[in-house]
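There is one chain below, alone, in structure tokens, taken in the form predicted on its own.
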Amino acid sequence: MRVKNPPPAKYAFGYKRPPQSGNAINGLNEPEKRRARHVFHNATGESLPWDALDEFFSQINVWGVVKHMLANVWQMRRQEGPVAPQQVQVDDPAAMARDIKQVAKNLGAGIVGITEIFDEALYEGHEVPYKYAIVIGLSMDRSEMEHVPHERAAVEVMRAYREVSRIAIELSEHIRDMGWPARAYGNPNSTDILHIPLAINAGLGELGKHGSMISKEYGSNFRLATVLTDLPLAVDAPVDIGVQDLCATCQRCVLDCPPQAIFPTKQIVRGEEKWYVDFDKCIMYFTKTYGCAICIEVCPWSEPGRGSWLMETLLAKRKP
């Protein structure tokens, strides 16, 4: 896919006194491991350096986006709730994991994985009283996302967030009806957890050069939600589908990024070498263009039906 008429990286807005660099907050070039810190989207109520731009972003969004945002906020009131007094006993966590994944798919999930919660998947200063994370992926309508970086694609992004939130909420209610505590995380604004590290550990895909998840099934054309629970579940393992092989040489997202925010090589971020996107360059264009999403749609993995072929081709090339 090639982008049609992306606006230039020129802005009619800006900070009189620029806040602390988002790259510094994110830990770019930091050699020591630490948890991530909130920087932009935030649903915790705490004050952030980039709050003014986030508020501006919310105010300039079109009604189609706002409608889905408000509906999502309303349905998220059900993310927690009472737990049934009688608890279903779990003698086989593997069988229970299969059952829960099937429930999620019956509710509309496209891909589902399970992992134990780990330190790097929690924001600094936040803790959760759960052991497991059930991560859900839902694809977006490709015909709508072909309109990035304009408002029509932004509406589809928020529609997908609203729908994947609904799935997570209903799955959490199902688990609570079984007598086990569960909490749904479906708000795209940051709260306690980072969805992408959990999704990688749960085997849904790998991190791409554009800083987003790449799955075999959907490329990057999908959105995530998560359910945290203590229901005993067998966990999945991270997968290798060849993403690193492709991203090491592919320049598609780098070339198509108007603000030139995507690093061509991996960077050290909070003590780990990984793909990283320059926050300070990306966020201004993101705000101007209703959330942009150019990089995830031009990615070769996002072309419908190409994922399995790419994986098989890339992995085959490793064989001597």
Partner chain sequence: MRTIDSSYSGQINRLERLKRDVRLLWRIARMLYSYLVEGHRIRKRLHDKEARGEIFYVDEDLHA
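Numbering follows the first chain given and starts at 1. This one's a predicted model, so the numbers in the text were calculated from it and none came from an experiment.
Quick note: we don't show the form predicted in complex with its partner chain, though the next part is all about it.
Screening 239, 95, 128, 250 for any heavy atom within 4.5 Å of its partner chain in the predicted bound form leaves a single hit, 128. Of the candidates 159, 166, 174, 183, 183 is the one whose heavy atoms come within 4.5 Å of its partner chain in the predicted bound form; the others do not. Contact annotation: residue 59 falls within 4.5 Å of its partner chain in the predicted bound form, judged by heavy atom distances.
For residue 192, a non-hydrogen atom is located within 4.5 Å of its partner chain in the predicted bound form, even though that partner is not displayed.
The closest non-hydrogen atom of residue 309 lies beyond 4.5 Å of its partner chain in the predicted bound form.
Within 4.5 Å of any heavy atom of its partner chain in the predicted bound form lies no heavy atom of residue 235. Across the options 195 to 203, 77 to 85, 214 to 222, 108 to 116, residues that bring heavy atoms within 4.5 Å of its partner chain in the predicted bound form belong to 77 to 85. Of all the residues from 1 to 35, those having a non-hydrogen atom no more than 4.5 Å from its partner chain in the predicted bound form are 11, 12, 13, 14, 15, 16, 17.
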